[in-house]
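This document starts with one chain, in the form predicted on its own, laid out as structure tokens.
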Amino acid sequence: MNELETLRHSCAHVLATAILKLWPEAQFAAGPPIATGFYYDVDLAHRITPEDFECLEKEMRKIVEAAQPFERQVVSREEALAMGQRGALASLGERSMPSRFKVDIIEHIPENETITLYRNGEFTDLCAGPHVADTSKIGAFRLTHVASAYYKGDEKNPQLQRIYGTAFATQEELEAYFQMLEEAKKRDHRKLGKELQLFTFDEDVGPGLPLWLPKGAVLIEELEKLAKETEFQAGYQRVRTPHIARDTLYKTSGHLPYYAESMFPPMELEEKEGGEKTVYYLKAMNCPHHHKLFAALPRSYRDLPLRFAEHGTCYRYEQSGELMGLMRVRCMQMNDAHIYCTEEQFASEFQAVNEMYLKYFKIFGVERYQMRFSTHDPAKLGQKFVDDPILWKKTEDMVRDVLVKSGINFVEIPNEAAFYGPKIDVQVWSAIGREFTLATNQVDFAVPPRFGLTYTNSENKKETPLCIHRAPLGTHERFIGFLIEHFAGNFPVWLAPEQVRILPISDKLTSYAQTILSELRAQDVRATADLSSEKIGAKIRAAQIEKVPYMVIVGNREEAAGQLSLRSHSKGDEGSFTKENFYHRLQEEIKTRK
């Protein structure tokens, strides 16, 4: 754990202590730190609500002010079980009822694992730690909400109350966090997506299947245009693959049967005589199709690196409770590509992908990011990971070497690799500091051999290429969700669904407004004209609410001089411009993606 996680975990113990002060019969399960704070699961007849938070926080403050030390104790399995049976775990002393969840946890701890307890004041808990030195070191905290959760996530087990909270080292950090949450509510992509008419969901279409309105489709087209330009310059070749495939494809890749729960149910068709059925699946990933494209022609070392790119549509049956706006969907358009290369080419290819990420970060104003380098667990070879320790070490060393030499900000996370090789997950933070998992860059040494992929080397011998899976812009859905919140809907001109709105101050100026409109659209500018009978102030307010980057206001004086009055969403009135000067400025901003 890092320092903040340790602080939050310690605060969870203080929360449990406070709950027991008010309700001594409470039974506790797990209480870990999480990305946004901490929680503790409790079984209690009293239904805890936000109305109870004031009393709970008051008790917690007493415990913090008492500076109770966190004392660690190593015990045997027998001692721990005996304490649990006496009700002395996750309690303020012995009780007439066993600490049943703690007993269950102890019984499932591996035989060779050390069992430790932590005590603060009267409260003793089964816990691996670590903790702060004493409760006064916890800093600032606040309880946030209550939810329900099944014990161990299994609906067959008891349903518990999950009490959430968060904690920071200082009051200032705590207040800044909640200010960020308030700003995040205003920027929520679901709220702004509806207000700006970008996308919608419909029950007749199905949950998790977004429908893109015209303005949202513009965002998709601009992102694809950016990707195609960038990838063309980097030597990628575009391909297209179907949305379905036979089950044999996914059995060869290894996705079936292991990934079946995340795929839509199979479709069975009678395609052969005798009633024998062929099974098809909706495409859940693009890589098997791309492997087939590699295998479609004889390949030489002179063909490598070979880079196939596709904005491929994939379908994944996410659980309904996990769907969340554009961030978690069942239909996704992925900025996918697969690079087939030799071991000697790997470092430069992998680094080129990382540099592509950095280029995109600069374009979108992403200043804070981190690469999470996920490696395998040797103990899980042949289970969670392909059983090839030599290639695991070789490819992990290769990735690590590229990251270190490039100076890219990264952290190493064990046991989180893909089943076929090490990977990088790209974490970014939006303008208000909200974290997103945006994209991935993965090494695949296991699947190409399954498809029999080979190339002829310089000695006229067959070799299997390495494969790099990469998606710098992730999926349209998640990336656009991120951009909506990052920009608060105020998209830069090149990306904005509507770039210019022309506002004549009276009906008499309709002809001049339409002339400007025609000239802008002839230059491929997404311009519209508000020819309604509303007064100019109302027209400006409407354009401002709809976050149009530029408003061109035309009156009698502008028409007579062949000019226009410019107002921008971000700066307000900018004064008079000749049409030519404004058009040049606009084209420059669009061309350079300013």
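When you see a residue number, it is the position in the sequence shown, counting from 1. Just so it is clear, the model here is predicted, and its values are computed rather than measured.
Below, we refer to the form predicted together with the RNA, which is not included among the displayed structures.
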- Note on the structure: From Asp425, Asp134, Asp247, Glu231: within 4.5 Å of the RNA in the predicted bound form by heavy atoms is Asp425
- Assert contact residue (the RNA, in the predicted bound form, non-hydrogen atom within 4.5 Å, options Ala561, Cys55, Ala67, Ile545) equals Ile545
- Could you tell me if Gly208 has a non-hydrogen atom within 4.5 Å of the RNA in the predicted bound form? yes
- Item | in the predicted bound form, Arg567 touching the RNA (heavy atom, 4.5 Å) | yes
- Close approach of Gln383 to the RNA in the predicted bound form, 4.5 Å, heavy atom: no
- Query: Wondering, does Tyr150 line up within 4.5 Å of the RNA in the predicted bound form on heavy atoms?
  - Reply: yes
- Message: Counting any heavy atom within 4.5 Å as contact, can you tell me which stretch out of 22-30, 59-67, 545-553, 521-529 lines the RNA in the predicted bound form?
- Response: 545-553
- Query: At 4.5 angstroms, heavy atoms only, are Val329, Met332 and Asp507 all close to the RNA in the predicted bound form?
  - Reply: yes
- Task: Scan 433-455 and note down the residues that get a heavy atom within 4.5 Å of the RNA in the predicted bound form; none is a fine answer too.
- Result: Thr437, Leu438, Ala439, Thr440, Gln442
- Message: Quick one: with a 3 Å or larger change, is the Thr375 to Gly153 CA distance smaller or larger in the predicted bound form? Answer closer or farther.
- Response: closer
